[in-house]
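Only one chain is given next, in structure tokens, and it is the form predicted on its own.
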């Protein structure tokens, strides 16, 4: 994107990106999003993958849900979470390729 195009971005997109980056700015929330970039998971699977307590994960999931980054649904006794916006997954993939490049 050229410098002139940077200033032509829609204000709504700038606000959306800013909110997403702020919400993703906490290491645990970013880790949760990375885990969910592969698809929907139950909260307890997220807990197992990120390595912290269920209450801590639930607290951060609530923050991400309030910001519209995650959605969740109940399936029996399980709460299933997923990334609500495909653009967030694209952003996660871009960050992963920048900060976690595959070994050659």
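Residue numbers count along the first chain shown, from 1. Note that the structure is a prediction, hence the values are computed from the model and not measured. So that the term is clear: the rigid core is the largest set of C-alpha atoms that superpose within 1.5 Å between two forms.
Below: the form predicted in complex with the DNA, not depicted.
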Exercise. Given that the partner is absent here, does residue 50 sit within 4.5 Å of the DNA in the model of the complex, heavy atoms only?
Worked result: no
Problem set entry | Distance check, residue 43 to the DNA in the model of the complex, heavy atom within 4.5 Å | yes
Exercise. Taking the shortest heavy atom distance, is residue 34 within 4.5 Å of the DNA in the model of the complex?
Worked result: no
Exercise. Do residue 22 and the DNA come within 4.5 Å of each other in the model of the complex, heavy atoms counted?
Worked result: yes
Exercise. Mind listing which residues of 38-72 have a heavy atom within 4.5 Å of the DNA in the model of the complex?
Worked result: 42, 43, 44, 53, 54, 55, 56, 58, 59, 60, 62, 65
Exercise. Comparing between this form and the one not shown on the rigid core: C-alpha of residue 18 shifted by 2 Å or more?
Worked result: yes
